[in-house]
Structure formats: structure tokens, C-alpha cells
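This document contains two forms of one protein chain, each encoded as C-alpha cells and listed individually as structure 1 and structure 2.
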Structure 1
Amino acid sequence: MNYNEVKALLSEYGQEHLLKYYNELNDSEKESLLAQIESIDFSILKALKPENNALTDKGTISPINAVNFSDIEANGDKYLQCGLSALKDGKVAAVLLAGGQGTRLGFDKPKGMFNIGVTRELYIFQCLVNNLMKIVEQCGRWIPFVIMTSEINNKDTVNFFKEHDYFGYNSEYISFFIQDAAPSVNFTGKIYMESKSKISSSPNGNGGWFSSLVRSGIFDKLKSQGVEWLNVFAVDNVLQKIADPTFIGAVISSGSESGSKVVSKVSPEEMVGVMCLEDDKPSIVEYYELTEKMRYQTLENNELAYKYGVILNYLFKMDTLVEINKTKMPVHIVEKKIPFMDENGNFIKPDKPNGYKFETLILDMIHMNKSCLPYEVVRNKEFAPVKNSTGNDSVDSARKLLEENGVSL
């Protein structure tokens, strides 16, 4: 697009201020600014209108059953054989979502570069590779391992893996892709700028993983290699089983299009999304969207009606993802502190939220599948998220759980 076309586009969305300094820029800055504006998906700004708010349009919610421990005990061997045979046939790839900014941890590098070791170096990325290696050894072949980063942390992440020789993984089976970004806006919906030639933007949420994977070309490559299922997981759970054959086997043998590992919540207030049925289809309600009634509702056996918390470890069928990708995902608006350039051209780092970021969430994909199998795992064996530096879900709690599970720190 040339300058006039970009200007017309901006006036359609009331964002003409983005070109305020255009005439002060050199040629390459001008070109870069126009390209940034052209790449913006302005339709997400619609999410700012209350009637389009993703949080308000939930259907009728009811409790869901999970494959629980007794079922897994009874059918574990069958599931294991089914999952192992899918892995041995090269039908499963692992996808690590590592594009987040990890603001709660307060670590200035990608979260996976955090050293969770105490007397030795043991990085979060290394823990995840170690966990995946166990399955590689069990199934006797390398599993394609795909890592999503963001513009902000891609270089550090890729270099870190290289410097550490991929922590012993076969680099021929590792690929990286960068997730898309979305612009940040002030409370009146005007897009912020970081400098005279740079639009303020941030990773577009973990729901952006699939469209970015497709755009990167990696999806087609995996398909051509015969991969049919993607096990997608978060960077911060250092205990999780990745490409877990029993989970994979349970999902495949159930005939479900997807599966989600879940844990029983420790308390009604625990900050995890919960699985439920929405209009009789599987769905996930984020912890901050739970109504008081849902949070505390109990069943006849006194258990929480919505007790299955998700741990961001999903199995998706690739063919279904292609269908899902044809529909737009709900956009969530998150209040954040957004560094910006003020009207005098000064760069400001705010100390309280000053605007919104736009994010799509992977948990919304569950409701877009026709079926999803909730699969319960033992939380002390598979759930040690590193969200904060101390307290709940922290470096401290994860270290304790790693040690409990025999990982020397």
C-alpha cells in the first residue's frame, strides 16, 4: 500500500494519528511504518465494543465428566498401546507455546531461559526437553518438536537452544516459528506508538498459535510427513508429560477430535480455567470469567461441579484445526501497562494500566471442536507451573514439586 492508501485505511478506523510524524522519517522508516500499518488486523478493534466482548456471549453452561483415574487404571494399557503406536508411526508432533511475555515472573528474558536449578543449571526449556526425551526413548523415534516464539523473544530463544546444543534433542526435528502481533490501544481505542516510526504491538495471545503455524509453512510440512495430531503445551509447566502416550491413546480411542489434560482444582478460587459443557459442547471458562455460582456450585457428592482445571496441555487433530481456522476466534481485551510515546514525542513507561491489548486464547479452540476429552492427571506429578517468582504457582513451588518427583536441582 502506498501512503495515500494507508491514510484512507486509517481514516476508516479513526487512527490517522499513526502518520503524524511520517514526514519527519527517513525512507526506510517510512517504508517500515507503512508496512506495520498494512499488517494490522483492524477488525480486532471491534472487540472494544461491549456487544462484541468475548466474555459476554457464553451459552448455557453445565458440568462435564472426565476420563478419571479409575478409568485410566482400568484401560491404561489399551490407551498406552494405542498412543505408542501413533507415536511410533510418526503421527504426533509436540508444539510448545513460548511466545508469552511472562510478566508475572519478572524475568527479563524468555521464560524458558529461566534457571530453575539450585546447585546446577537446569533451565525451564531443558526440563521440557528432558520430559519429551523420555517419550522419544519410549517410542524409539524422534518426535517433531515445534516451538512458537514472538517477535520480542525469538532471537534469544533460538540462540539459547543453539548455545545449549538443543539440550540433547535432535535439532533436525526442532523448528521455530514466530507468532503474529496485535496493536495495543489506549482506553479510547487509539493505537499507541512506541516511537515516530514504530507502532506499539505485542504477541496476539496463545490462541494465535495455529494461524501463525500455518503461515510459517510448518503445518504443511508436518502434514506431508504424516503427522495427524498436535500436542500443544505451555512453557511454564516444568513437570508436564509431553506427547504422553496414554493421554494420546485415550483421546484417539475415544474418537474425540481433541483432548485436554485437567487436574482437580485445589480450591474453588484456584486461578485456572475450568472445563465444562457449553450448549452441550465441551468448553473452557477462564478463571476470571467464572460467576460466583459456578465457582462454588457443588454436586450431590459434595464435589465442585466445575472442578476440572485445565493445565494448557491439549491434543488437537490437525484436520479439525484446519476447519476451525476458517472461523474468527473470539478476541479478549486485557488491561495492561503499555509503554508508549506521548504527544510530545517522549517515551513513557507507565506504572499502572493505561490501555488494552488484544488476545485470542487457545482455550477458546476447545469449544470450536465438536468433541474434547477431559483427561485427569495427578497434579503433584504433572502440574508445576512457574507463573510467579514466589508464592502460588511459582519458582519455589515448582522447585519443591520437581524435587518430590525425583528431579535433582
Structure 2
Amino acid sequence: MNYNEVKALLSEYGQEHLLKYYNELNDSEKESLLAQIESIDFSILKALKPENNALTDKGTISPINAVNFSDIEANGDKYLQCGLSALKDGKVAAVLLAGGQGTRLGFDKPKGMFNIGVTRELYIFQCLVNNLMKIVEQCGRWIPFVIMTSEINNKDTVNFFKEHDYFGYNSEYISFFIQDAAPSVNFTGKIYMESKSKISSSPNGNGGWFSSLVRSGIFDKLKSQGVEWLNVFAVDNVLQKIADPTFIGAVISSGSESGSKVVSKVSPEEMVGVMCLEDDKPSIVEYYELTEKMRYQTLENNELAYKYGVILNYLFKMDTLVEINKTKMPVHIVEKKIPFMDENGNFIKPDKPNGYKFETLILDMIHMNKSCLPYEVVRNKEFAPVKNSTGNDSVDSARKLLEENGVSL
């Protein structure tokens, strides 16, 4: 788009201020600014209207059944063979969501670059590759491994993998793509600028992984290679099994469109989203959305009715994702402290929330599936999140669990 076309677009949405300093920019900066504006999905601003806000009341919530330990014990061999068959036939790819920084760990690099080792170097990325390598050895072939980064950490992440020779993984099977971003706005809906030539934006939430994957062209490549299922997981769980054949086999055998690994909650108060049914469709209720009654509700066997906590390790059928991508994902609005350039051209770093960021969430993708199979895993063997520097779900707790599972630190 040229200047006049961009100006007309901004006028349509009341965002003409984005070109206020255009004439002060050099040719390269002008080109960059116009490209940034052209890439904005302005329809996202509709989420600011109350009737379009994704944070609406839930439907009718009810408990959901899961593939639990007794079922896995009884049918594990069948699940395993079904999953291994899919892996050996090249029908499964692994997708790592790694767009964040290690800020909460006091680390200003991509979280996956954090060294969780004690007497040796052992990076979070390395832990995940090691976990995937076990499945590669088990099924006898390389599994396509796709890594989502962000504009902030892409260069560091790609270089880190190269510098460490991809931790022994075949680089021909590794791809990187950058997560799409959404603009940041003030409380009246005006898009912030970071500088005279740069729009304020941030990654569009973990629900934006699939649209970003499609935009990158990697989805079409995977499709052409015969991939039918995507195992999507977060960067911060160093103990998780990736492309787990028993999990994959259980989902495929059930005929479900998707699957979610879950753990039994340690207590009713544990702050974790739980799997459930919402209007008879699979859904995830965040811990803060659980009513007091739901939190403590029990079944006839005295187990919690809503006990299956999600760990952000999902299996999605690619054909279903294509259909989901044809519709708009629900947009969640989050108040944030957003650094910005004021109307006088000064850079301001606020000390309290001054606007909104827009996010899409992967948990909404679960509800957009007709079916999702919760699959219970042993917490101490598959759930060691690294979210904090100390305390619960921390570097210390993850190290302890890694050692319990025979990983040398």
C-alpha cells in the first residue's frame, strides 16, 4: 500500500495519528512504518466493544471424563502401537510455543535459553530436545519440529540453536516461525506508537500460533509432507513428553478431533485451568472462573468433579484447525503497562496500566473443537513448569523433579 492508501485506511478507523511524524522520517523508516500499518488487523479493535469482548459468561459447565490411569493400564499397548504407527508414517509434527522471554526468572533472553543445570549446562531448550529425541529413537524416524518465536526473541533463539548444533537434532527437520503481533492501544482505543517510526505491538497470545504458522508457509509444507496431527506444547515444562505415542494413539483411537494432557489437581485451590464440558462441548475453565461450588464439588467416588488441570500439551487434527482458522478467534483484552511515545514525541514508561493488549488463547481453540480427549499423566513425571525463580513452579522445583526422573544436573 502507498501513503495515500494507508492514510485512507487509518481515516476509516480513526487512527490518523500514526502518520503524524511521517514527513520527518527517512525513506527506510517511511517504508517500514507503512508496512507495519498495512499488517495491522484493525478488526481486532472491535473487541473493545463490550458485546464483542471474549470475557463473557460461560455456558452450562459440567464435568468431563478422561482417559485415566486405569484405562491407560488396560489399553496402553493398543494406544502405543496406534501412536507409533502414526509417528512412523510421518503423520505427527511437534510445535513448540517459545515466543516469551525469561523475565520472571530474572533473565533477559528467551526463556528456552535459561540454564537449569547446576554442575553442567542444561538449557530449557536442551531439555525439550532431549525429551523429543527419546521418541525419535523409539519410532525410528525424525519428527518435524517447529518452533514459534516472536519478533523480540527470534534472532536470539535461532542463533542459540545453531550455536549448539541444534542439541543433536537433525536441523533439516527444524523450522522456525515468528508469532504475529497485535497493536497496543490506550483506554480510548487509539493505537500507541513506540517511536516516530514504530508502532507499539506485542505477540497476539498463545492462541495465535496456528494463524501465524499458516502465514509463515510452514503449515502448507507440513501438509504436503503428509502430517495430519500437531502436538503443541509450551516452552516452560522441562519434563513433558513430546509426541508421546501413547497419548497420540489414545486420541486417534477415540476418534476425537483433539487431545489434552492433564494432571489431577493437588487441591481444590490449585491455580490451574481445568478441562470440562461447556454446553456439551470440550472447554477449559480458568481457575479464577471456577465458582466456589465448582471448586469443591465432588463425585460419588469423592473425587473432585473438576480435577483435571491442563498443562498446555495438546494434540490437534490439522483438518479441524483449518476449519477453525476460517473463523475469528475470540479476543481477550488485557490491561497492561505499555511504554509509548506521547504526543510531544517523548518516550514514556508508565508505572501503572495505561492501555490494552489483545490476546487470543489456545484454550479457546479447544472449545472450537467438537471433541477433545483429556489424557491423564503422572504429575511428577511430566509436569515441571519453570515459571518463577523460586517457590512453586520454579527453577528450584523443576530441578528437583528433573533429578527425581534421573536427569543429571
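What you see is a predicted model; the values in this text were computed from it and never measured. So that the term is clear: the rigid core is the largest set of C-alpha atoms that superpose within 1.5 Å between two forms. One-based numbering along structure 1's sequence throughout.
Comparing the two isolated copies of the chain, the first one is the form predicted in complex with uridine 5'-triphosphate. Once you line up the core between structures 1 and 2, the Cα of Asn369 stays within less than 2 Å of where it was. Once both forms are fitted on their rigid core, the CA atom of Ser224 lies less than 2 Å apart between structures 1 and 2. The rigid-core alignment places the CA of Thr119 less than 2 Å apart between structures 1 and 2. In the core-superposed comparison between structures 1 and 2, the CA atom of Ser11 travels 4.1 Å. On the core-superposed pair, the CA position of Asn23 changes by 3.2 Å between structures 1 and 2.
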